[in-house]
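First comes one chain, alone, set out as structure tokens in the form predicted alone.
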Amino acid sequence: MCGRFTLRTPPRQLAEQFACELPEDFPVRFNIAPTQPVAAIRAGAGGQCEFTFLRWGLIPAWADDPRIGARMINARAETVAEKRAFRAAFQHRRCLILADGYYEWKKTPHGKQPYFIRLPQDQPFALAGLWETWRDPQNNETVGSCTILTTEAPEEMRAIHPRVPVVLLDDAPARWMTMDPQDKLERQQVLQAVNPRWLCLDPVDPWVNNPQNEGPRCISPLASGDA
């Protein structure tokens, strides 16, 4: 699964990489958690890319209670086309969730050890996402929310967790946004796990375990032998 991630890359660099206009400044984040706003790119009017912030945890349009979103932070790539909560968004509302690293937890005799997973040199990347709009019947306010797709982890990463988020590299972000959702072959090609040899997996300070904690300490590596 994907339950926490980072976005520390300057907006100007993100704008250049994803060819989309972004705000000149927004907070650096070391510990983005469910129900918080996440930076996303989606198709706007006329098909042009549009930057927005979405609440992490998809609230289906038919939901009676927005708290359902806390259980919808991830969607399985294998079943997203069939699940009631996600199938409409998969057909019509795909998006890119901007990130430059994510966390996963490995069970150990001493508790859960967090690992920080990133590309070499901390390059930013996109996570495959879906977005939805929900209208609160009490106050008529509209909430934009999202979920992150996951897939089966490569064998080399299963010791940490059996699932990984779908990290979109090279031409995959554009393919994810424009692909035919009925094309099963393309879907399999786009929604696959990244080769673990392309990633850095570092055990980090358990400080990150608390979603209220922020700052560089979240990605501070453990001394050798402490993990």
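The structure displayed is predicted, hence computed values, not measured ones. Residue numbers run from 1 along the displayed sequence.
Although not depicted, the form predicted together with the DNA is the subject of the following passage.
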| query | finding |
| --- | --- |
| Heavy atom of each of R12, F90 and G129 within 4.5 Å of the DNA in the predicted complex | no |
| Contact of R135 with the DNA in the predicted complex (heavy atom, 4.5 Å) | no |
| Any non-hydrogen atom of T142 within 4.5 angstroms of the DNA in the predicted complex | no |
| 4.5 Å heavy atom contact, Q121 and the DNA in the predicted complex | no |
| Distance check, P27 to the DNA in the predicted complex, heavy atom within 4.5 Å | no |
| Residues of stretch 1-28 in contact with the DNA in the predicted complex (4.5 Å, non-hydrogen atom) | M1, G3, R4 |
